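This document opens with one chain alone, in structure tokens, the form predicted on its own.
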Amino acid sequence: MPKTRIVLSFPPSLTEVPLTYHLVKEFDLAINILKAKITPGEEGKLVIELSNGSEANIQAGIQYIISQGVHVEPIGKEIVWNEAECIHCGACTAVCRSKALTIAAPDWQLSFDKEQCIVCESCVKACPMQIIQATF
């Protein structure tokens, strides 16, 4: 199933327009909101994952929101973890809302699932070894 992660930047005039509703109803897309900061009357940012449709539907949905005045860009950052230097303390797992970073028995070794990561960068700040970085 095709899916894509994008960042939407809304101008103040569009923060109260139900654009995601139209993506669901008109383009049959599933929307997973990964991160949002939208305040009425101010610029808004939304990080979403679009899926549940064909690649053509996803592209048509993206073109629709662009035509409405929303700036769309692919997620350009990724989290890089230096596994060789990791002490597996788990500090990053406590702040990882998406559960991309996990640590569990029996080996208590940290694991990182890039597909689950929403690049919120909370782990970068939490890592006492400073071996987790956000890259462009």
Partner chain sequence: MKSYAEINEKIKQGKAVVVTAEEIIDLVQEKGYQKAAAEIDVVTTATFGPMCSSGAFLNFGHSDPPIRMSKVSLNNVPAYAGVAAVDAYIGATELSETQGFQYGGAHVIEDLISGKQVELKALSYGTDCYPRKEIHTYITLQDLNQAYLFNPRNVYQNYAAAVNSSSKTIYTYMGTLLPNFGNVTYSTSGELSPLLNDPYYRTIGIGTRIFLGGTVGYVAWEGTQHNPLQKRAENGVPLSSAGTLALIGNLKEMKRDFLRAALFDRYGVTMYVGVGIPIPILDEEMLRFTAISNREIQTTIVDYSVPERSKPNYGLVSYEQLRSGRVTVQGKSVPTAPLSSLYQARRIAAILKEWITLGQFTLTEPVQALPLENKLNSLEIHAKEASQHA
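The model shown is predicted, which means the values in this text are computed figures rather than measured ones. Positions refer to the first chain, counted from 1.
From this point on, the text means the form predicted in complex with its partner chain, which you will not see here.
Although its partner chain is omitted here, in the model of the complex all of Glu85, Ala94 and Trp108 have a heavy atom within 4.5 Å of it. Looking at Pro18, you'd find every heavy atom of it more than 4.5 angstroms from its partner chain in the model of the complex. None of the heavy atoms of Ile58 is located within 4.5 Å of its partner chain in the model of the complex. By the criterion of a heavy atom within 4.5 Å, Gly90 is counted among the residues contacting its partner chain in the model of the complex. Interface membership of Ala100, defined by any non-hydrogen atom within 4.5 Å of its partner chain in the model of the complex, is ruled out. Residue heavy atoms within 4.5 Å of its partner chain in the model of the complex occur in exactly one stretch of 21 to 29, 8 to 16, 124 to 132, 111 to 119, and that stretch is 124 to 132.
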